[in-house]
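Below sits a lone chain in structure tokens, taken as the form predicted on its own.
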């Protein structure tokens, strides 16, 4: 199963456990969240004074944020506020913790592992490596880095951005007396750890220093406030899009449908394609024209599908043959070649009752 919804969780109330796996002996941990299928997890780790280990790598993407103390990695001194993103297979230098430190460790793909090596794996995405002191080396930016944006008074430092998935790791802070009165949810999972200060949320109450959450997609959260301000580390697993509303009683299924309604309203032809039935994704013939009997439900704007502009866009039907420069015989020949050579081209041909509107062989 995916990681369950954990909110709120205050790790300061929990004790440390000793690591028993190679590469971590001499350190202790607290589990904040865990995917029990893949082993991906978020840990708070205490590296006791004198901790050492040789150069090595992990087979999971790893993110490290130093909360207190210093960690020496390959000759680089990583102190409070230092952030590292270590792609799977990238070898870190020899690690030493002279006087102890505490850090957040995020294993994004699998359980914590360590393989001694002074060289990167040949397939490692070494260009993705990030090492930066978030406190000292980066300026604050307004919350408008994400649009639609949150209320003014929230500031961000973007530490890591994945250009493929648009996943982000960022430092954020709420200014004293910060307030946002609406409710939001997202298409992505998100997590946060309060480094200092506290914030309040209508559904989950006060989150103090040491507070943490892992929140799956489409969970309502808000309204928000922070009396004295706070600073926290946040992460998402894909694109962060803010859906705002004022209905605290909507559930994740309703929120998901409302998010789909946004796509339908803006790009209805794309919506038809993502709603493909039976796994088809074929540009030739009627299987490429999925009929949508009614738009997805939006609890806030129930009749949005009747808006003239929405109907104008949604009612357009395109014939892909009109835009296809291949003659029909050439299309048939291409299909036959794909069949004979085992080339995947968008159909599952294992069932005997499968037919094509344009097959001629």
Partner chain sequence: MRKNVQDHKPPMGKEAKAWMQDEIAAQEVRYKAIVDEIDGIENERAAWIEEFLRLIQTRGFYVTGDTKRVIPKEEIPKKPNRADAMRVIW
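Numbering follows the first chain given and starts at 1. Not measured: the values here are computed from a predicted model.
Form predicted together with the partner chain: not shown, discussed below.
Student: So in the predicted bound form, is the partner chain close enough to residue 244 to count as touching (4.5 Å, heavy atoms)?
Tutor: Heavy-atom contact with the partner chain at 4.5 Å: present for residue 244.
Student: Is residue 152 near the partner chain? Define near as a heavy atom within 4.5 Å, in the predicted bound form.
Tutor: Heavy-atom contact with the partner chain at 4.5 Å: present for residue 152.
Student: Hey, in the predicted bound form, does residue 59 get a heavy atom within 4.5 angstroms of the partner chain?
Tutor: Yes, residue 59 lies within 4.5 Å of the partner chain in the predicted bound form.
Student: Answer for residue 175 alone: is it within 4.5 Å of the partner chain in the predicted bound form, judged on heavy atom distances?
Tutor: The answer is no: residue 175 has no heavy atom within 4.5 Å of the partner chain.
Student: Among 219-227, 264-272, 129-137, 191-199, which stretch has residues whose heavy atoms lie within 4.5 Å of the partner chain in the predicted bound form?
Tutor: Residues of 219-227 come within 4.5 Å of the partner.
Student: Is the partner chain in the predicted bound form close enough to 169, 257 and 314 that every residue in that trio has a heavy atom within 4.5 angstroms of it?
Tutor: No: no residue has a heavy atom within 4.5 Å of the partner.
Student: Which residue, 73, 156, 240, 88, is the contact with the partner chain in the predicted bound form, using a 4.5 Å heavy atom cutoff?
Tutor: That would be 88.
Student: Which of these residues, 234, 143, 100, 112, gets a heavy atom within 4.5 Å of the partner chain in the predicted bound form?
Tutor: Residue within 4.5 Å of the partner: 112.
Student: Looking at the partner chain in the predicted bound form, which residues in 118-144 have at least one heavy atom within 4.5 Å of it?
Tutor: Stretch hits, in order: 121, 123, 124, 125.
Student: Looking in the predicted bound form, decide if the C-alpha atoms of residue 310 and residue 187 are closer or farther than in the form shown; they differ by 3 Å or more.
Tutor: Nearer in the predicted bound form, by 3 Å or more.
Student: At a change of 3 Å or more, would you call the C-alpha separation of residue 308 and residue 250 in the predicted bound form closer or farther than in the form supplied?
Tutor: Compared with the shown chain, residue 308-residue 250 is farther in the predicted bound form.
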